[in-house]
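There is one chain below, alone, in structure tokens, taken in the form predicted on its own.
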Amino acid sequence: MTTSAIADARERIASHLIGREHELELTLAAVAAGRDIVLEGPPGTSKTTMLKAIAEEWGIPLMFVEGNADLTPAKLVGHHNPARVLREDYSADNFVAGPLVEAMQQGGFLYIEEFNRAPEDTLNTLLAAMADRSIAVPRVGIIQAQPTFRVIASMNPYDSVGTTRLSTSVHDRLNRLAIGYQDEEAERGIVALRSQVSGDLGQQLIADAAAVTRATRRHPDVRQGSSVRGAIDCVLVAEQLAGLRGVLSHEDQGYQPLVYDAMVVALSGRIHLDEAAETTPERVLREIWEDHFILEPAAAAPG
């Protein structure tokens, strides 16, 4: 693909994203150069959205694999159909391709989420595919990858529970891009796009939900805060509560309690407290709510 074609693709793909122009450019450059890459960042930072948009633009499949302890080499590469093996013995015809082989044969992206949760022997299966663009499958032969085949992985740097330390060999075959949370303006745009709420009440809900969700990432008792998905759900839940309670404006007396209730539903399960913190998600959210609706307006008031 020529540089001008990649630039045109970048512009079209960027129309599907909000606040990810730089990361998109770097990811596009890596995959267009024929490289495999790991995207390292917390959930809800548009990694999957970006990859879907790139694969759709290029007209190639995107194979999803969830990294976990159950992801064995056989599940990744494929296996021989047991019933046919009993009848016919082993052959290439009764081999059932796994996502790695499918991605290689179809020239797609193999996207492994939670990459560092997969067992080490499973990750080592990828080494030949990344280095040689081919793998040897017993009783099948050599599988050659199509030119557009890529291995793309994602990892959450804030969650180390149940993860595997990646070997030097794996690191050496992967480019890396750290992806953080978008800025507040971009997150408001994402919430507005995904929630589809309207009117003055909707706009205020978007602003407040984005603000309190971002505050969960700064609270001293929170190890990992909520992604923008929490803000989207907070808006959607609050909109329904507003209808149930007859709240028509953010100036109504019931607006602020309504937002807190929506926060509890949407955010309490998405924040992960520090192990040493002697508190609860509800208390943390109450502190954030008070800071946003009581302390900050009081500090900004004249006089």
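One-based numbering along the sequence shown. Keep in mind that what you see is a predicted model, and the values were worked out from it rather than measured.
Form predicted in complex with a small molecule: not shown, discussed below.
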Practice task
Would you mind picking out the stretch of 144-152, 170-178, 193-201, 119-127 that comes within 4.5 angstroms of the small molecule in the predicted bound form, counting non-hydrogen atoms?
Solution key: 193-201
Exercise for the section: Tell me, out of 256, 68, 268, 48, which residue has a non-hydrogen atom within 4.5 angstroms of the small molecule in the predicted bound form. Expected result: 48
Problem - residue 285 within 4.5 Å of the small molecule in the predicted bound form, heavy atoms - result: no
Practice task
Using a 4.5 Å heavy atom cut-off, state whether residue 9 contacts the small molecule in the predicted bound form.
Solution key: no
Handout entry: Partner contact for residue 113 in the predicted bound form: the small molecule, 4.5 angstroms, heavy atom
Key = yes
Exercise for the section: Evaluate residue 182 for contact with the small molecule in the predicted bound form, applying a 4.5 angstroms cut-off between non-hydrogen atoms, and reply yes or no. Expected result: yes
